[in-house]
Structures are given as structure tokens and as C-alpha cells.
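To begin, one chain is listed below as C-alpha cells, in the form predicted on its own.
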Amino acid sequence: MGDIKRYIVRRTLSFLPTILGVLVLTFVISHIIPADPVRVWAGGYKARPEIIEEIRRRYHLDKPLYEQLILYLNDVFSGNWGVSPMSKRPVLVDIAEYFPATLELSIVSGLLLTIIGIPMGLIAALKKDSFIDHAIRVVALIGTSAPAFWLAIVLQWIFYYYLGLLPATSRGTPPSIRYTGMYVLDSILTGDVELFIENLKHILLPSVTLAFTGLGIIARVVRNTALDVVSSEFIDFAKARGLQGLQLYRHILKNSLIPVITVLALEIGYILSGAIVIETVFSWPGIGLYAVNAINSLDYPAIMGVTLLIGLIFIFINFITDIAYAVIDPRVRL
């Protein structure tokens, strides 16, 4: 247990330079855009010069770039992520409003990715070179090749326009009581079955679209890893002892977890970043749609806030993945 604690401390300290790097890169990239955001914030070319100068002073854009960076880092580490000039609210308040929608979408997509992708890979490995294996490989190829926005439009056409089974846009209806900001979960917590079904219908198409793009990668990694494990001597010994079915699958999966966890963690991170495209197509009011609006309006504080949030999420996912490595394989702690 002491080894795991020391490992956690080492990994936590190693992420601090990464966070600082994300902050600096985000700030520099957003500030070298060849455009004048202040004029956009002030209302366009009809804005009065005194209003433009006031906004420039308020957001420290009248200072040298290095001074702006120091002020920005000081604010961020103080818990102040700035105020959006478009919404006129603190960026953290905007993120708190929009992020639950993206988190809900990512959780459902991650669950679909896990409960479908891993069994697909195991079945393909155990049925190697069979019709089932080839069919799963074709699905995996389509999943890794199809652009997310194209798949989203195709699913909308099939399930909304042609079949009329699922809604094409919007998030659904918020429950009467807000517990988490996630409509599906809050519908369960309030015990409203009809509202739960309605909100579940709204989230199905965008979550399936997000999950499908990573489904092929997960299935292929699980298949290749499981094939290596299946050919191991301990699996032959397990078969000789009479293990089969779920018992045998459990042994194969447990010894295939390290590479699977790596790819699964990356895919969950990509789900969050890919949500920007999917939320735009499905008019899903999450952090992705908020980011698109911020980019269109050159909203520096919002752009940097969203980028920092996604960077922190990736760092957190990598941290959890590293801890999972250490728990599964003690050799990693060394």
C-alpha cells in the first residue's frame, strides 16, 4: 500500500508541469490570432473608441503579452478564470452550466464503448477467422474510418427523418429538481419514468455517434491483446482444468487489461474533445457548443477556459489510468 501512495504522489507532481504548459500554450495561441477581439466584443465597427479602450483596459489587452500572461496565470491559480465578454458572466459559471450536458453525453458514450467494444473484441479473438470475427472487423473498420459528423447526419436521417423513432436535436426536458445537471440521471433521481425515457431518447443518437467512432479501436485492441493471451501456456492449463465460458473469459480479460485500459482512457478523452463536433450537429447545449460560439466571437476567456478544462480532464484521465496500472500490475509502481 505504501508503494501505491508513493506512486500516486510521484504521478501527481509530474502532472504539474503539464498543467503549466497547457496554460501557457493556450494563452499564447489564443493571443496570436490575427484579429481584434475587442472590436467584436464592443459591437463591431460601429463601436465608439472610448468603449473599445475601456474593454481593452478591463481585459489587460493594453499591456505587453508577458504581463498579460503573468496576470492570467495569477488569476487562474487564484480560481478566477476570467469573465466572458459575450455572456458577461464568469467563465466558471458558464462552464458549470454547460459542462453537465457534455459530461452526461460522455458518460453514456463511454458506457456504450465499454459494454459493447470489449465483448466484441473478446468474441472476435475466441472466434478467430470465423464469420463473426470478420463481421466484427468490418464494423471496427467502419467505426475507425467514418467521420463523426457524417455518421451523425446519417443516423439523424435514418432514425428521425425516415423511421421517426428518435429526436434529431435538443437535449430533452429538464427534471423539476436539479441534482447533478444531467437530465437522464436527474430523471432517475426524481423517479419520473416518462421523463427518463424522453431524455434517454434525446441522448441516444449523439452518444451512439460518439461511441461508434471509438468502438472499432477498442474492439481491435481487445482482439489483438486477447489473441496473445489465448496463445499463452496458462490459458492452455486453464482449459485442461476444465475452465470454459465466462470463467475462461475472465482469465483472458484480466490479463489483457493494461493495453485495453490505455486505449479506453484515450478514447474517453477523445469523446470529450469530439463532443464539440457532435454537439454542434445535434444542437446539444454542452461545453462543445459553448466552445464553438466562443471561437466564433473571439471570446478569449471562454476559449482559454474550455481548453484548460479539457486539458485538466485529459490529465485526470491519465492519472486515473496510471493508478489503475499500479493496482493491476505491481511492477508498474517501480
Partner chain sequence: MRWSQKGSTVLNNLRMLIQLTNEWKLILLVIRKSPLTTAGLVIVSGFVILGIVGPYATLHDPIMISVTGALKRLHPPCLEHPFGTDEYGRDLFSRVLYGARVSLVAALSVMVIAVPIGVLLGLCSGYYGGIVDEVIMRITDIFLSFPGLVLAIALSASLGAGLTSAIIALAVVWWPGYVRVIRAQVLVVKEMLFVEAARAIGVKTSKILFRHILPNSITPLLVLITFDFGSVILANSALSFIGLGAQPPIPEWGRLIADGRRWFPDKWWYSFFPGLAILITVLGFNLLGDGIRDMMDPRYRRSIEMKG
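Numbering follows the first chain given and starts at 1. Since the model is a prediction, treat every value here as computed from it, not as a measurement.
Although it is not shown, the form predicted in complex with the partner chain is what the next lines describe.
For the marked spot (Gly79, Leu103 and Phe319), a heavy atom within 4.5 Å of the partner chain in the model of the complex is absent from each of the three residues. Interface membership of Thr144, defined by any non-hydrogen atom within 4.5 Å of the partner chain in the model of the complex, is confirmed. Within 4.5 Å of any heavy atom of the partner chain in the model of the complex lies no heavy atom of Asp133. Though the partner is left out of this view, Tyr179 does not reach within 4.5 Å of the partner chain in the model of the complex, counting heavy atoms only. When contacts are judged by a 4.5 Å heavy atom cut-off, Gln156 counts as touching the partner chain in the model of the complex. In summary, the region of this chain contacting the partner chain in the model of the complex, judged by heavy atoms within 4.5 Å and restricted to 180-188, 107-115, 193-201, 157-165, corresponds to 157-165. Residues Val292, Ile295, Asn296 of 284-299 are found to place at least one heavy atom within 4.5 Å of the partner chain in the model of the complex.
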